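For reference, the chain that follows is the form predicted on its own, supplied as structure tokens.
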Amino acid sequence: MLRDIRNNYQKYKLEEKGLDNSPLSLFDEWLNQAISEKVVEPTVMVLSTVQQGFPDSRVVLLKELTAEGFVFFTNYRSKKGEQIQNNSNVSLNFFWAEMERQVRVKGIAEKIDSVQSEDYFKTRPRDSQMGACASNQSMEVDSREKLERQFEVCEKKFDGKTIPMPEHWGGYIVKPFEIEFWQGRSSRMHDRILFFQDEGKWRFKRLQP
């Protein structure tokens, strides 16, 4: 039965002692630990946007962490791109099951500089670059065969050539104003530390589980 599935979390704990007012530093520490411990897909995050008052969520990949926030890349004409254009309030959710940890982020999404996007695009595998050129992300297509033909057309067009970054493709940075760190603990008495902006400075408080 689903109701009987449960784990008793007890790997780590999260205490106020030793914390400073720098949630991005703590996130970087947790992320690097997840990578070193070979967590499955450590950079996966659920991005939630708003469409006509309803949340809309999907999995994307974190590609850079800066002093300002969290960077990911996408097609600006996609559903999420349109939704961000209409409402830049977004949330991110990271969950590292192997470490019994979750991080929830609320922030504002902004496009990054096109030069930064192009620098990243050049590092992508050629097939990924081709896919960005061939796919009108989120748009309806008649069949899988038609989608594959679009890819083949791009392959022929750029055969032996550098693939340019599409004008409608690029990065966003999510600048956080609230970050909550959740550490699973035994007896469901989990640790929850919420960092929040107060007059331009980060502060934190403990929440009940």
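The numbering used is simple: start at 1 and walk along the sequence shown. The model shown is predicted, which means the values in this text are computed figures rather than measured ones.
The following text describes the form predicted together with another copy of the chain, which does not appear among the structures shown.
Partner contact for residue 55 in the model of the complex: another copy of the chain, 4.5 angstroms, heavy atom
Residue 55: yes, in contact with another copy of the chain in the model of the complex.
Considering non-hydrogen atoms and a 4.5 Å limit, does another copy of the chain approach residue 40 in the model of the complex?
Within the cut-off, so yes.
With a cut-off of 4.5 Å between heavy atoms, is residue 153 one of the residues that contacts another copy of the chain in the model of the complex?
Answer no; every heavy atom of residue 153 is more than 4.5 Å from another copy of the chain in the model of the complex.
Does any part of residue 33 reach within 4.5 Å of another copy of the chain in the model of the complex? Heavy atoms only, please.
No, residue 33 stays farther than 4.5 Å from another copy of the chain in the model of the complex.
Using a 4.5 Å cut on heavy atoms, which of 113, 82, 119, 110 is close to another copy of the chain in the model of the complex?
In short, 119.
Counting only heavy atoms and a 4.5 Å cut-off, does another copy of the chain in the model of the complex sit next to every one of 3, 89 and 123?
Per the other structure, all of 3, 89 and 123 touch another copy of the chain.
For the stretch 194-209, I need every residue with any heavy atom inside 4.5 Å of another copy of the chain in the model of the complex, listed N to C.
Heavy-atom contacts within 4.5 Å come from 205, 206, 207, 208, 209.
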